[in-house]
Every structure is written in structure tokens, then in C-alpha cells.
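There is one chain below, alone, in C-alpha cells, taken in the form predicted alone.
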Amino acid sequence: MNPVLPSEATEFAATAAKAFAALGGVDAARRAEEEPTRRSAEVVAALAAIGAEDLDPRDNPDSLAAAAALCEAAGAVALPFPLAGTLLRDSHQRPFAVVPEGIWRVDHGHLFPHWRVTSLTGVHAIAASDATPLGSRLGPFVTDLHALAGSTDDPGEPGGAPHPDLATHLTLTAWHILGTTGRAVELAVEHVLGRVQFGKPIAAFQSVQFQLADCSVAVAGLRELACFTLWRLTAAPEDALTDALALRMHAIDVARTVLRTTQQLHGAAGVCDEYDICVLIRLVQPALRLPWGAERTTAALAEAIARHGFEGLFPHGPAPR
């Protein structure tokens, strides 16, 4: 396993980052909340300009790495678009989503009339989106979906085989979370270097340095696990769902710690939308909560390990009897 993405993927991510910066970075997310109708046209045009429409992470390992790097760049600016789902679109241009059991909810679901969806229990379906999102502050673009009547697609059966795109979608979503956490650390470093207390920048205080060091190490560890999971998707696709669930569980755990710490280091500014840290933390919440939060993800991982075992990034002993 190579912990470094191919140079083509990193160059593509750099191009994407420039395109997202031209949109205004996090300001594009702010505009999307104020004027939702502008969102699709702006982002779609930016993605088309860098050739993202031609990228299919299912093609080969290099395309998968490029898709992951693109999702990381999107997470760093809270790009208001369902990027992971659209990268896994089908020939009918229907994006893909992993949905919770029961109520099917997807971030930015109303941007597309129809979706391909799957649940962890093996149900696959074509779904139609509601006209408007639910409008929660912690998920302003989350939309309910419902099964499309009369669909000719095989919806699958409960308890059936996992959808072939399930692990890839979970992995790309984790890369989006990685981008958000990495940018949160950068913003916190910028803030503590410029914020002066008691006659010196608060970055000079050891307690602040320790907190940022812990956050940096956590993000670096998440990146290494994310790279390992990319490798597993192509090296051992039959077992990759377990790895993708482990990555999601770790991404949620890292995000919980890093985002809380970096927001606290901003002080009261951390909860003001004028500061990028606040917008990033708010708009990453659907990725952390959908299709499932930490508890359901942990349970799913335990079930997957019981069925298929688990190699993991580091050596470990056998499961207790």
C-alpha cells in the first residue's frame, strides 16, 4: 500500500482546488444557502471545466485516487454539491447514494430528479426526490427521497448482497470529511497565530500547541487509513466493505474531536457564519450523520468483521472466542 496518492491525482486535486477557490471557496456554500437556485449551475460549470464529468472512480485505481482527491478538495470548501454521488452516476446520469433504513435522506437530493440508492441491508432502488430540502441549519440541503413507482430496475431484496458501489461511496465520503478536518486545522492555526492575548499570540501557549498537535496527528492518521482503504477497494474488493466501514467509523471519530477542538480555539468566532470554520462544521454534518452516525456504523462494522474478518492497516491478534 502506497500512502501517497499518484501524482496525477494530486495534480488534479490542485486544479480542482483552484477552480473551487475561483468560486469563492466557502463563500460558494454561503451563496448556496442564500440563493439555492444558483448552486447547481455554478458548481456543475466548475466541475465540467476541470473534466470531472469524465471521471469514473470505477474505471481503474488512478481514477479512484483522482476521485478521492477531488472529494477531499471539495470537503475543504464545503462544496455545496453531492460530489461522491455524482461521481458514481449511472448511464442515465442518476447519482448514487447510500441511504438509512426507513426514511431515505440524501444531502442535496433535490438537485436531481432520480437517484440510485442502496441500504446496508441490501435493498437497491430507484428513488425520486422531493422538490425542496428539509431546511435544517445543520443540513440545509438534506432532502427526502421515495421509491419511484413503476421503476423497471431490480430493487433488490432485504438481506441481499451489498451494492457494488456501496464501499466506494462510503470511502469517497470519508475523503470529503478528511478535506474538512484538514482545512479546519489550517484555519485554527491561522487564527491562533493572529489572535493576541496577554501580549502574545495564543499560538505561543503550550496548551494550544498540544491541542493543535493532537489534531494534526489525528488528521494524518485518517489520511493514511483513507489511502489504505482506496488500495483495498481495488486489491480486495470482496472484503472492501469492511474496510470502508472502518474508515467511516474512524472519520466520524476524528471529525468529532478535530472539529470540536478547532472551533473552540476560535472562541466565540467559531460559531459565527462570518468565519469559515463555522460554515465548514455545519455543512459537513450530513456527511457525518448520513446514512448513519457513529453508533450504527460501529454496529455495521462489527457485523461485517464477524462475517468476513478484518485485516486492517496494522497487525492485530485474532478475535476473542
Partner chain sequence: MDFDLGEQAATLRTRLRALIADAIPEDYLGAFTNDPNDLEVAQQFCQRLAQEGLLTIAWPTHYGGGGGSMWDQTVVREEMWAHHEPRGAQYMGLNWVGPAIMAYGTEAQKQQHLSAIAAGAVIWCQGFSEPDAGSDLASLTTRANADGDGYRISGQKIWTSYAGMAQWCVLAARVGSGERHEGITMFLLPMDSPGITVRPIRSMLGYHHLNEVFFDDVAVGPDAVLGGVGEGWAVIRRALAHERVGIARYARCERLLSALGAALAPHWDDLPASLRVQWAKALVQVRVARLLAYRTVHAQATGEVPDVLASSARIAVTQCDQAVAEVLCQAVEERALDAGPTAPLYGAIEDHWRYAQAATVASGTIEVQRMIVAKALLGPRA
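Source: prediction; values computed, not measured. Residue numbers count along the first chain shown, from 1.
Although it is not shown, the form predicted in complex with its partner chain is what the next lines describe.
Taken together, 100, 137 and 299 are fully in contact with its partner chain in the model of the complex: each brings a heavy atom within 4.5 Å.
Stretch-level contact check against its partner chain in the model of the complex with heavy atoms at 4.5 Å: of 196 to 204, 73 to 81, 240 to 248, 166 to 174, the positive one is 196 to 204. Residue 273 is the only one of 62, 27, 273, 56 with a heavy atom lying within 4.5 Å of its partner chain in the model of the complex.
The contact residue chosen from 254, 32, 281, 43 relative to its partner chain in the model of the complex is 281, the criterion being a non-hydrogen atom within 4.5 angstroms. In the model of the complex, at least one heavy atom of residue 211 sits within 4.5 Å of its partner chain. Using a 4.5 Å cutoff between non-hydrogen atoms, residue 142 counts as a contact of its partner chain in the model of the complex. Using a 4.5 angstroms threshold between heavy atoms, residue 290 counts as touching its partner chain in the model of the complex. Its partner chain is not shown here, and in the model of the complex it never comes within 4.5 Å of any heavy atom of residue 50.
No residues of 53 to 81 lie near its partner chain in the model of the complex, the criterion being any heavy atom within 4.5 Å.
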